[in-house]
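Given as structure tokens, the chain that follows is alone and in the form predicted alone.
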């Protein structure tokens, strides 16, 4: 049994050799319709998340991205990678969607995102670990969403896991 198989636990599926991998930067345009829809799903009632005139009255250039919209941006980045012929990060690290669960996600906001912004997202495969004798296998992903003029806007820490048994 090779080192990777031994470190991956009895049923490890994640490709642990990808620890330290960083995705190529993905550029995305934030669309007002996506932001409004996500705000509606969240039950957001503050009009700065859905009404351009209300947002501008508060001094914003456009509607503001609702809380946790960074999760949508991560998904959009995966789709953009696929469209451009690159393998999405979930494939690179070996996610098996038959066993995959979303563990947790944290957001640190350094600035606001607005409809119309072009942002760049990169993701680092920070670590792998396991619990329950390998019955739970985890990967920790760190993403940074930046804007050319305003710098880093959001940092996320996402934990995905494979559950066996």
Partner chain sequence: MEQILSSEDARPGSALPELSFGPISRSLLAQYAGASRDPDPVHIDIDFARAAGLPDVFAHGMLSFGIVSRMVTQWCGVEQLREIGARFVAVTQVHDVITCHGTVIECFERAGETLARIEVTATTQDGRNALSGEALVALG
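Residue numbers count along the first chain shown, from 1. Treat the numbers as computed from the prediction; the structure is a model and nothing was measured.
The next section is about a form of this same protein that is not shown, the form predicted together with the partner chain.
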Look up in the model of the complex whether residue 105 has a non-hydrogen atom within 4.5 angstroms of the partner chain, and give yes or no.
-> yes
Would you please decide whether residue 92 lies within 4.5 angstroms of the partner chain in the model of the complex, comparing each non-hydrogen atom pair?
-> no
Any chance residue 116 has a heavy atom within 4.5 Å of the partner chain in the model of the complex?
-> no
Quick one: does residue 56 come within 4.5 Å of the partner chain in the model of the complex, counting heavy atoms only?
-> no
Counting non-hydrogen atoms within 4.5 angstroms of the partner chain in the model of the complex, say which of 112, 136, 140, 120 makes the cut.
-> 112
Picking from 44, 130, 126, 62, the single residue whose non-hydrogen atoms come within 4.5 angstroms of the partner chain in the model of the complex is 44
Taking the partner chain in the model of the complex, which residues along 15-40 bring a heavy atom to within 4.5 Å of it?
-> 34, 37, 38
